[in-house]
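Shown below, as structure tokens, is a lone chain in the form predicted alone; questions about how it binds or moves come after it.
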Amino acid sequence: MDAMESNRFKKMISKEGLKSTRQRSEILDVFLHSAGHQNLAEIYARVTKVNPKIGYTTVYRTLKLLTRLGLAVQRKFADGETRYEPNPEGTHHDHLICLRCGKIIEFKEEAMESLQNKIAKRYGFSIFQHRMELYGYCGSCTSKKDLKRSKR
């Protein structure tokens, strides 16, 4: 974790009346350098490689804290499993989720964001947050599905 991220985290923790501990910093560092959407067990496994003394509950509580502070986003897709992803300031993306293999594709579409804002404005609605999750089949699984149909 770079010094700027570390200082920002320490300030946020302090505002919450909490201490900035080495364990929390290690968990944050591992989490911020994680790719994709990881569940608690995956993050815990990565954290214990850095510090085997950190417990499962500490990782869980820290992820909850990071979510509350806005540094992480908690996601539950159709499979019901809770996953976490870093939430860099001022960024937003949506998801395509494959129902067969579970692949999650992130995308950002300015035209869609613009349309959502236009609709909200039309109704005098102020958007706080939103999420879009589109469920279907990825290209690889669609090809497999088409192959099975053609063999019949």
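Numbers follow the displayed sequence, beginning with 1. Note that the structure is a prediction, hence the values are computed from the model and not measured.
Keep in mind the form predicted in complex with the DNA is missing from the figure; the text below concerns it.
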Proximity to the DNA in the predicted complex (heavy atom, within 4.5 Å), stretch among 52-60, 30-38, 102-110, 117-125
52-60
Please run the contact check for S143 against the DNA in the predicted complex: heavy atoms, 4.5 angstroms, yes or no?
no
Quick check on K19: any heavy atom within 4.5 Å of the DNA in the predicted complex?
yes
